[in-house]
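In the form predicted alone, a lone chain appears below as structure tokens.
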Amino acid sequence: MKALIPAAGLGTRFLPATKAQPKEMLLVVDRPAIQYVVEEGLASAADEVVIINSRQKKVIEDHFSPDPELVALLRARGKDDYADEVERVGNMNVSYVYQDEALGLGHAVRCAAEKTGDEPFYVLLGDVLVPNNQMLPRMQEVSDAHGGASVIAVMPVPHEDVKRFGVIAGTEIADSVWKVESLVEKPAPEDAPSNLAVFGRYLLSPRVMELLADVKPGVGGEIQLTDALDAVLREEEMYALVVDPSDGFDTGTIESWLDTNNILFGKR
């Protein structure tokens, strides 16, 4: 089972900082944001993390590659704690596929089809951090309880903010668990079926990957993962785990990135 992390985007909200530095490599307290996400994927039931990268973002691959010369230099200077951390990160089980055109999240996920094969897979959005690594195991429990169904994490948001997210319609069947009936990508507030917004963590059945091959461009002219999820609902059950705002952090804007740094620094 693989954990997929789409990371080929341009990071336009952070320009000019992201002109030469990928958004995923911006520091959150003491490590790049993407390292939190990789560590979360490896702490789950996944046996490998697959980063869906851009060929212009080699620095991400450098970060997760062994660097024996740097390790040796640090040890020679008595900085063994730093050497241990560089060595640990360089040996993480991470591989790469490439998205050569920015055609949307659904397209990015589809780029990893050969990696996932006929197995379920996780999708972890790189600008959402879950430092305690507990969200994916909770989603796995919901999936196991419902015959291996797809599960998405959702979070309540102010009604006026639903236009920024994919939003679910459905029925609550247990504490913090909904059966999903449909999904809508970035609806106008007056059209939103709920205020439960998809929060960047997915546990998906292999059928989703198959359906992505036929999804047509949707909102913004992009191939939307939400459209494939809506299509799979016509064939399979899907559930949503409602998570608390304190369970994770959205770093997708400058303001939320700064807030996340302040909160996590305060928890050290």
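Because the structure is a prediction, the values reported are computed rather than measured. Residue numbers here begin at 1 and follow the sequence given.
Not on display, but discussed next: the form predicted together with ligand G1P.
Only one listed stretch (86 to 94, 120 to 128, 72 to 80, 136 to 144) carries heavy atoms within 4.5 Å of ligand G1P in the predicted complex, and that stretch is 120 to 128. Highlighted residues M25, Q35 and D62: none comes within 4.5 Å of ligand G1P in the predicted complex, counting any heavy atom. Interface residue among S44, N53, T226, S205, judged by heavy atoms within 4.5 Å of ligand G1P in the predicted complex: T226. Shown without its partner, this chain lists V180, L105, C111, A192 as candidates; in the predicted complex, only L105 has a non-hydrogen atom within 4.5 angstroms of ligand G1P. Contact check for F199: a non-hydrogen atom falls within 4.5 Å of ligand G1P in the predicted complex. In the predicted complex, ligand G1P sits within 4.5 Å of a heavy atom of K186.
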